[in-house]
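The chain below stands alone, shown as structure tokens; this is the form predicted alone.
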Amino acid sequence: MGPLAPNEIITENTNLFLAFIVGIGFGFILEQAGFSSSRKLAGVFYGYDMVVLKVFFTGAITAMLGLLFFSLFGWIDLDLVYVNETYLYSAIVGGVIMGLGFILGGFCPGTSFCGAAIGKIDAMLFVVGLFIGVLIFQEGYPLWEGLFKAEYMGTPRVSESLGLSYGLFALMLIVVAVGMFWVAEWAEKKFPREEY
């Protein structure tokens, strides 16, 4: 029964090696899908290209359904699946900072490394900026430690917070995804990108 490492079916070293292999595969797929292009990623914010949104939402739905079915078959214990701890205020501030960086630079951390790996100069500069941001956060940590640790909420799951079963929440999220896909299609037609 999974997860494999917490149940000591595989070692931590094997777990890290598998994560490395999956990461390389994920990066390869990102690049092949064109996600190493800042224009494609920025297109989400300007409404002319919603492929990134559709792909990542589809991936999240697929992973969610996979975990639910694995749990149903007894192949994974959902209580052992790691959930990040939530510090509400720092999550909001971090989300705003990352969103601004995404809009201005056209990359998220993963796609910036993907673009840098194939030699895109804008992606390399974005990665340098990312490391500068990490350094500023690390060196200035005493200044914003209070904000960083404010409003600790533990490890909540959205379904539990809403008082819903995993299955009902999954169904609701799928309905939302279908609606989001429709809105994305509408936006692409409403805000077409002008070709020069």
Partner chain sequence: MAEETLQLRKTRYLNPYIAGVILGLVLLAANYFSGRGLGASGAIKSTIVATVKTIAPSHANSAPFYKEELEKHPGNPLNSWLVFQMLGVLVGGFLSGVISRRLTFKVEHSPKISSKRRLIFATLGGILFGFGSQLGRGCTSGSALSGMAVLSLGGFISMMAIFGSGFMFAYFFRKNWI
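Numbering follows the first chain given and starts at 1. Keep in mind that what you see is a predicted model, and the values were worked out from it rather than measured.
In what follows, reference is made to the form predicted in complex with its partner chain, a form of this protein that is not presented.
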Checklist entry - Is there a heavy atom of Gly25 no more than 4.5 Å from a heavy atom of its partner chain in the model of the complex? => result yes
Next on the checklist: Against its partner chain in the model of the complex, would Val175 count as a contact residue? Criterion: heavy atoms within 4.5 Å.
Outcome noted: no
Next on the checklist: Just checking whether Phe73 would be counted as a contact of its partner chain in the model of the complex - the rule being heavy atoms within 4.5 angstroms.
Outcome noted: no
Checklist entry - Would Ile10 show up as a contact with its partner chain in the model of the complex if we use heavy atoms at 4.5 Å? => result yes
Next on the checklist: Within 4.5 Å of its partner chain in the model of the complex, counting any non-hydrogen atom, which residues from 102-138 show up?
Outcome noted: Phe102, Ile103, Leu104, Gly105, Gly106, Phe107, Cys108, Pro109, Gly110, Phe113, Cys114, Ala117, Ile118, Gly119, Lys120, Ile121, Asp122, Met124, Leu125, Phe126, Gly129, Leu130, Phe131, Ile132, Gly133, Val134, Leu135, Ile136, Phe137, Gln138
